[in-house]
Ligand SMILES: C[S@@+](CC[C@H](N)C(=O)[O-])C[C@H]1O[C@@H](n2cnc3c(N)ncnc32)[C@H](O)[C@@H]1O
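Have a look below at one chain only, the form predicted alone, in C-alpha cells format.
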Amino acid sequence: MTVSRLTLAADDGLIAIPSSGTIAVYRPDAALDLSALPRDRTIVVHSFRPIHDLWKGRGWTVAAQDAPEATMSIVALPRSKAHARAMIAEACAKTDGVVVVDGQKTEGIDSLYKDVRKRVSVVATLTKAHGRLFAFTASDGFGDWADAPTKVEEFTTKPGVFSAEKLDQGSKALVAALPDKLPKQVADLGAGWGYLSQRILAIQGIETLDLVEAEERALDCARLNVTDPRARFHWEDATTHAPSEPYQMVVMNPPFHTGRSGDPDIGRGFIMAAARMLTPQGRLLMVANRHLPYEAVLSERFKVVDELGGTPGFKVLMASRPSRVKG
C-alpha cells in the first residue's frame, strides 16, 4: 500500500478532514492509503465483491452501493468516464461539505478535472505520482451526470459495467456455439448484465441457471434482463463461489483485464474454479481471445479439451470430465 495523494493533501493542509460526521469513500482500489481518515466514521462504498470484501476484512465499514449522507465524500476514479461522472453526481447529492476526486492521468483525471472546473470552483488540487487530486464544495449542478441505465439492443446496462455500450464479440461467439440441448443444472460464471444467461435459458433442458457475478452494478442489470424464474443470482467472486450442489455444466466468458493491463491469471482462476464446481462428468464451455494461453490449464484440470471453433479473434473451448486436483 503506497502513501496516497489523499494523505499528502491532508498532511499539507490542502483539504481538512472533518472532525465529525460520516466520510464516504467511493470505489477505492486495494492499494489506496486511507490512513488519513477516521476509521470509525468512514464508510467505503464498493460494489465489486473482491474489493468490497478486502476492505471489510481490513476492518472498515463497507457498503455495496448505497452511499451514506456524508460530511465529506471521496471519489476514486474508475476507468469509465460516465461512471466517474455518476459517482460525482451521487457524492454531490449526498454530501454536505467537500467532495474530493482522486485518480491517475491514465484513467482520465485531467479531463474530468477540466469538466468539473467548468461547473464549480475547485478549492484544492494536488498533482503527484502521475495523478491528480482535487476538491470542491458539493453542488447541485451535477444532476445531468447522475447514474442512468443505458440500452444495448433490448438489454439494460449501466455505465462502467463490462460491455455497457455494445455486445461483446466473445459472448456472441459463445452464444453461436451453444448446443441444442443443455443439462439441468448450469452456471454462468462472470454473468455480467445477463446477455449470455438470457440466451442459455432459451435452450432446451435447463432447470436452474446460476448467474455468478462479482460486480453488483452488473448483477442489478442482469436481474432486469433475465426474468426467467429458473435464474438464480449470486453476488460473488466466481473464483470462490461454492454451489450447494455441483453443476453439470459451466458456461463462461471470463475477464482477462485488471484495470488496463491484461492478466491471463484471472481466466485461469475461472477455469480452476469451474473444474471444482462440476460433477465428475461435467462440462465447461468457454470463450477466450485467441492469444490467451488457456489450453495448458484446461488440460491440467480436465481429461478432455476440444476447440469448437469461434471467430478470427475468439476461440470457443469445450472441456469435460474435470480432474480432482487440489488447489
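Since the model is a prediction, treat every value here as computed from it, not as a measurement. From 1 onward, residues are counted along the sequence shown.
The following text describes the form predicted together with this ligand, which does not appear among the structures shown.
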Task: Listed residue (91, 77, 212, 231) with a non-hydrogen atom within 4.5 angstroms of this ligand in the model of the complex - done: 212
Open item on the list: Quick check on this chain: which one of 293, 38, 280, 50 has a heavy atom within 4.5 Å of this ligand in the model of the complex?
Closed with: 50
Task: Proximity of residue 236 to this ligand in the model of the complex, heavy atoms at 4.5 Å - done: yes
Open item on the list: Can you work out whether residue 134 and this ligand are in contact in the model of the complex, taking contact to mean some heavy atom pair no more than 4.5 Å apart?
Closed with: no
- [ ] Mark residue 255 yes when one of its heavy atoms lies within 4.5 Å of a heavy atom of this ligand in the model of the complex, and no otherwise.
- [x] yes
Task: is_contact(residue 190, this ligand) in the model of the complex, heavy atom dist at most 4.5 Å - done: yes
- [ ] Please determine, with the chain shown alone, which of 176-184, 155-163, 125-133, 223-231 has non-hydrogen atoms within 4.5 Å of this ligand in the model of the complex.
- [x] 155-163
Open item on the list: Under the 4.5 Å heavy atom criterion, name the residues of 267-282 that approach this ligand in the model of the complex, in sequence order.
Closed with: 270
